[in-house]
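First comes one chain, alone, set out as structure tokens in the form predicted on its own.
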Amino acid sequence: MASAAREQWSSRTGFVLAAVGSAVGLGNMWRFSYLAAENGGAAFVIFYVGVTLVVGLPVLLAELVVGRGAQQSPIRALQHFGGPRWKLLGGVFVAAGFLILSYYGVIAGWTVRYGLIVLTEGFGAHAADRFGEIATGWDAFGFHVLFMAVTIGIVAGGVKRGIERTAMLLMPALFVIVAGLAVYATTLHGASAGYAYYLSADVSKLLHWSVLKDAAGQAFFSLSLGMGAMLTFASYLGRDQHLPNESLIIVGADVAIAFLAGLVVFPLIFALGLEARVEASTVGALFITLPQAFAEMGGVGRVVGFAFFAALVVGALTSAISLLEVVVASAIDGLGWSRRRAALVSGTAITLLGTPSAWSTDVLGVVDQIANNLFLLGGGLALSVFVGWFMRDPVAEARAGAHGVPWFFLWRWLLRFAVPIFLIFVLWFAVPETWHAIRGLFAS
């Protein structure tokens, strides 16, 4: 049983904003846009929304149910409902959070660096050429360390004073910034070409398995699924919370921000004739293309560029907090450490693990594939099987605080059949692709 001293959210709003902050991050503002560019615009958006609703939402609710019911972090929560043999799945969640944050902190460091550049000096004529200097080496490592230090400090402050207070301040600001940028993008001459590219589906892409795989990976990455973040946040909830409603709010906010980000990115790029760079997108393409766009916009580009990278930093920080909290909560529950000690030791170890990614974007790209294609999708598959088939009466646990919800039967059916079948299909293609990437890295 959970200790009576376990921290709790001070309000429903605090939990929702923190959970939305976990979901809304670089996955929405950066990753979503470049995946949409690589996968046929609206073809990817269609799959992403469909996968999020049919697969992501059921798994999200499953994580919330397990976390709130056990009042424990992932390892102990899975043991609470499934016995010792399911502790391994909780360990996979913790490992996923550990691994993802190690390279996520590097990318977040890029956003901090770019924000400072646009604020202090602006992007020059050769803005695109600076990506190599910023993305790797001591610059990348230094800002990775800086970003992780801020994340560690917030998590060390606790659930209410650290995580919840930060979410209450930053998440409304993020929504305002992104919405303002989307409105500004409508005023750009030539923006219609960007909207056309983003909102028109390349039908040929709809039948390609890689689009489906990327959509599934994006849904899980963006919603923080398969890494125990939502499970851990739910462990600080009371049993009167309406988990189905919270799930729908989180999913709705996540999809809305991702969609709005596309309404910012593509009009900016197409209005300035830089679409060829996007079509050749890689891990860092938008960090190359957008600075070039801001540079060509002149003085207003500095204002817009700072707002955009400020939104990236905010999204990155709120997501990083949730990733670190998974590891910290597990150390507190499993090892009996104080929160400060757990945050410092875990955060330092994660920072050091991210060092190779700070020196090589090739390493970063492979680690990203391992995390998304194996840990997140595999963890989501295992959790859906556990809640669907092995957890004793998860519907009764979900009904606490949520009486009268008509779709619990559908939720259980999706977890038992539709979600596992879909994820097995995606993993069938994703695993060989990931293995090929790993071999390629060591062969180079």
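Predicted model only: the values in this text are computed from it and were never measured. The numbering used is simple: start at 1 and walk along the sequence shown.
Keep in mind that the form predicted in complex with phenylalanine is missing from the display, and what follows is about it.
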Checklist entry - Would residue 221 count as a contact of phenylalanine in the model of the complex, using a 4.5 angstroms cut-off between non-hydrogen atoms? => result yes
Checklist entry - Might residue 56 be said to contact phenylalanine in the model of the complex, defining contact as any heavy atom within 4.5 Å? => result no
Item to check | residue 229 within 4.5 Å of phenylalanine in the model of the complex, heavy atoms | outcome: yes
Checklist entry - Could you tell me if residue 415 has a non-hydrogen atom within 4.5 Å of phenylalanine in the model of the complex? => result no
Checklist outcome for this item: Within 4.5 Å of phenylalanine in the model of the complex by heavy atoms, the stretch out of 317 to 325, 265 to 273, 82 to 90, 297 to 305 is 317 to 325
